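Let's start with one chain on its own, the form predicted on its own, as structure tokens.
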Amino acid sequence: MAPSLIRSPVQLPPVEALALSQQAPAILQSSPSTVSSSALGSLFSAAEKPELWIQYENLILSSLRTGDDRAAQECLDRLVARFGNNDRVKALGGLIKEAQAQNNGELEKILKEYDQMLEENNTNLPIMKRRIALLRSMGRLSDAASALVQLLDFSPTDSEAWSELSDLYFSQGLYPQAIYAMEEVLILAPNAWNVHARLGELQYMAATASGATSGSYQKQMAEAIKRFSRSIELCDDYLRGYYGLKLVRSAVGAAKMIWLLTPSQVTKRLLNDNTKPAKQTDDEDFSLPDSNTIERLNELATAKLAEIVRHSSAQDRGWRGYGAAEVAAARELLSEDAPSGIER
């Protein structure tokens, strides 16, 4: 069954995106090419349905992913006929041009067009975001990050922009900046379990990055555990939260065997690490949970991941929302811990 055209297809796997784009010819043929929004005009043409325009926009996105430029252009033409060249429609038109570009020269030309539009209206958010996306696709990550910072100066409550900035910093290995930007997302969406888990992932990677001090290691690992725990508290079937908890436990155990030590022994070992600066820092205020707590969290994560893998692999009803790659990663992590004697 093809996914709904009302939902954005951006995160769909390729197979589902293809199924969605294959609906384009039938939808375009069955839908009127022109629609009147006026009361008088509706007497002589088809009535306007708001979901029709959402379908057209989503068809553009899915058609471009599968190389159906013709269907994407026809959807855009219908949007132009209805709404004119407003900012959102211009951004969709730019997206189609980007997809059809054959080389960097053509992309540079599109980038200049975006710059010209922003000279005329520097608050044009859809074009600003398309320009940032284009800069990133061209490998100009620092320019994209700078443009995002400017956008956030103008629109500081844009959680999507903060999330993108975090990802840009992460792709450059700038973990503190990536964590800061993701914390801004969390301020705007405090109950988003996926954001808590993503912040935990960033903190875990910051802790295990080369050059991390022992104090930073302890702080980031402790915060990662808190974030992963909060994510499964908000959504008790969230795979990435349980995966993160088990990953943190495994990493801590392989590196330090911390869960076998008392909190005072943990602190002593971290302070004796040669990479730890002699000067006391605020990072020492963060301590990892005791060994019993970490073990209980690990047992919970193991049991829940095994349940998710089992039901998702069997395609049981109510367990079909997990990505194949996520389930495969969970199965592999469980198999690495198989010698512990816990039933799978």
Partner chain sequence: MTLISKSITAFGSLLLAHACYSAQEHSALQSFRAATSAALTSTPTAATSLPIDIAIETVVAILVILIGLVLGTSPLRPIQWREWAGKIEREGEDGFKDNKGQVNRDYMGNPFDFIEGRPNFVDIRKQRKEFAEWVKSQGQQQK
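Keep in mind it's a predicted model, so treat the numbers as computed, not measured. Positions refer to the first chain, counted from 1.
Although not depicted, the form predicted together with the partner chain is the subject of the following passage.
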Review point. The partner chain isn't shown here, but in the model of the complex, which of 74-82, 243-251, 213-221, 91-99 has heavy atoms within 4.5 Å of it?
Key: 91-99
Check your understanding: Does residue 169 make contact with the partner chain in the model of the complex, using a 4.5 Å heavy atom cut-off?
Key -> no
Practice item. Determine whether any heavy atom of residue 142 comes within 4.5 Å of a heavy atom of the partner chain in the model of the complex, and answer yes or no. Key: no
Point to revise | Non-hydrogen atom contact residue 25 with the partner chain in the model of the complex at 4.5 angstroms | key: no
Exercise for review: Classify residue 159 as contacting or not contacting the partner chain in the model of the complex by the rule of any non-hydrogen atom within 4.5 angstroms, answering yes or no.
Suggested key: yes
Exercise for review: Could you check which residue among 111, 179, 205, 138 gets a heavy atom within 4.5 Å of the partner chain in the model of the complex?
Suggested key: 138
**Study point:** Heavy atom within 4.5 Å of the partner chain in the model of the complex - qualifying residues of 230-245
**Key:** 233, 234, 235, 236, 237, 238, 240
